[in-house]
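Read the single chain below, which is given as structure tokens and is the form predicted alone.
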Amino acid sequence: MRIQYALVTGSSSGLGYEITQYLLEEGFIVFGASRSETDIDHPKFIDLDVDVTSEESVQQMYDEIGKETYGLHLIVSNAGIFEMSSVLETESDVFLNHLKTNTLGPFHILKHGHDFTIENVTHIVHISSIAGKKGFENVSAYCASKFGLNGLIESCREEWKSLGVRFSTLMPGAIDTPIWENLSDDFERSKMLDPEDFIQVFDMVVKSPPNMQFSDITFLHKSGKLE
């Protein structure tokens, strides 16, 4: 069985943690990138302290990855933040932090990850959101950052066509992760997707034939968009 290397940003919690566990079970050697320690003890897991908003930090991360491998078979850009407030109540620094983490961060991962792409092999998967396709009230900063992320992905996909790498973008609806514990109690979490639902879709994307990519795959709880 050939060795496969994966990078997952935001590996310490939420979907990033679930993705990392899944990939380890699938036999990948996984580099987990996060600002806090990832609580995973596995012989094929390499924990890296990374702030994706810092270009220098991302460069240092790739320097560490370069000590282990020349290329990455899978790059999962997942790190992100999500806060809720109306436009009038959103502070400028909160808005900017969303752009720095959810848009600039993936830009850094792509820009400095270019040298680790394997021609006709590497699959780059971004975890975006339905909020990158439709605006929702009280999440203007998040929506703006995800709309921007999708534009970044589309441009990079066109620029890197000659490399033969795949770009897949997952745009789920609300998922019942710990992030909701610090937000409004008004949402019915029973109407959210489970992390296991997400992993089913992720599994399909990762195991898809090498000639396929999913430029925009949207999936929701059967009850529809969270209101």
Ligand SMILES: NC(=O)c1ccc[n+]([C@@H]2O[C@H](COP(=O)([O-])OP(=O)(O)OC[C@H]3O[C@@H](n4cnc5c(N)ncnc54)[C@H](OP(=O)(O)O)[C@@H]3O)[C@@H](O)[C@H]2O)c1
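As the structure is a computational prediction, the values presented were derived from the model and not from experiment. Residues carry their position along the shown sequence, with the first being 1.
The same protein also exists as the form predicted in complex with this ligand; that form is not shown, yet it is the one meant from here on.
Residues of just one listed stretch (65-73, 157-165, 22-30, 51-59) have heavy atoms within 4.5 Å of this ligand in the predicted complex: 51-59. In the predicted complex, residue 127 approaches this ligand with a heavy atom inside 4.5 Å. A residue is said to contact a partner when one of its heavy atoms sits within 4.5 Å of a partner heavy atom; residue 101 meets this definition for this ligand in the predicted complex. Contact annotation for residue 206: none of its heavy atoms lies within 4.5 Å of this ligand in the predicted complex. Contact between residue 84 and this ligand in the predicted complex is not found at the 4.5 Å heavy atom cutoff. In the predicted complex, 78, 79, 80, 81 are the residues of 75-96 with at least one heavy atom within 4.5 Å of this ligand, listed from first to last.
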